[in-house]
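Just one chain follows, in the form predicted on its own, and it is written as structure tokens.
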Amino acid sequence: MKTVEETPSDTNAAKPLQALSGLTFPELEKFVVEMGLPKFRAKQIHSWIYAKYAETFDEMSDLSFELREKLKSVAKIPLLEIAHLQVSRDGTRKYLFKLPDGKIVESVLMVFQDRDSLSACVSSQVGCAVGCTFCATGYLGFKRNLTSQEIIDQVMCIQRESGKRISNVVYMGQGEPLLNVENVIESIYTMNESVGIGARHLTVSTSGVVPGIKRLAQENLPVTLALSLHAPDTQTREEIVPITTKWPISELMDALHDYYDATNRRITIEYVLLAGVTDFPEQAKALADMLKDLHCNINLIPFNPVENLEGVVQYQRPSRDAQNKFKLIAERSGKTVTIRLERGTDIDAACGQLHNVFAKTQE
């Protein structure tokens, strides 16, 4: 005679399968209790998903065959599907993930030859409402926020597909994380507690959403905040980062100082170098003056040209000489200034770029 635990149930056959990857441990406990299973089953399932990257219940060898069949009837492991994958010559892997509603988001696995650690760049929204003029994601417009589970399962899908453990996660994919701040905060806790990535290895990027910066500071999490500044003067920043009209640079700088005071975490300043727009020596000097009193590092990003929806490349990449000259002047701030090591330039690497290309092929 079979136990209640082992008896397959047909009562939920018509319901959509519950995706388990990306759920917190308490959510998994709730799931197994609702199935009439003992709570310890949640610990087993949690371990198979987050420690062993299981993709199917058949891999869960310490569960009985009958229990695995019962789980198959009501649940699945991945929430997301891989719609497309590109692999760069340098090992970078760029994913398009299909969400349960059919929408598409991007994630990237970055591999570095000089280090063992792997970094994943994840999306927080479908599209983006900020509309930075140089960003391919901005051309998509805003569709919706991602749930915490959808954010987490990007990392888990990458680990399952690549077979590699991710040690760092950056919220720098599609979307503005701090316009989806509650789901981002929830995902940070799950990333730490279930995926096993320490908060100090997590970076949240923002284009300057002041209320979101303040909200993140309230949690006092030891994550790194990265600001996409991109211009030191109001006129230029308003032109390329339109939300500057809502949260001026002066208000933004105050929020960054408050964030450091609350968390004692050094901030990363991201600055995209657009030829003839943001790469002038006087802008480098203004940037150095602006940041001299802020606890921060400066990351210069040579622009990766992308086409807008009309197929036009609006901005160009500065020369190597212009990049190095800007770096030398910016270093007068006394800060560490780096030029970002580029990954995946041969595979539609810019945020939103692969999404746009893929969407065109589906038309």
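Remember, it's a predicted structure, so these values are computed and weren't measured experimentally. For every residue, the number given is its place in the sequence shown, counted from 1.
Unshown form predicted together with a small molecule; subsequent notes refer to it.
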Where does the small molecule sit in the predicted complex: which of 256 to 264, 280 to 288, 84 to 92, 228 to 236, heavy atoms within 4.5 Å?
228 to 236
According to a 4.5 angstroms non-hydrogen atom cut-off, is D153 in contact with the small molecule in the predicted complex?
no
Taking any heavy atom pair closer than or equal to 4.5 Å as contact, tell me whether E106 reaches the small molecule in the predicted complex.
no
For G212, is any heavy atom within 4.5 Å of the small molecule in the predicted complex, or not?
no
Examine S148 and determine whether its closest non-hydrogen atom to the small molecule in the predicted complex is within 4.5 angstroms.
no
Scan V272, L216, V223, A120 and let me know which has any heavy atom within 4.5 Å of the small molecule in the predicted complex.
V272
The unique member of I329, V306, M35, M60 whose heavy atoms fall within 4.5 Å of the small molecule in the predicted complex:
V306
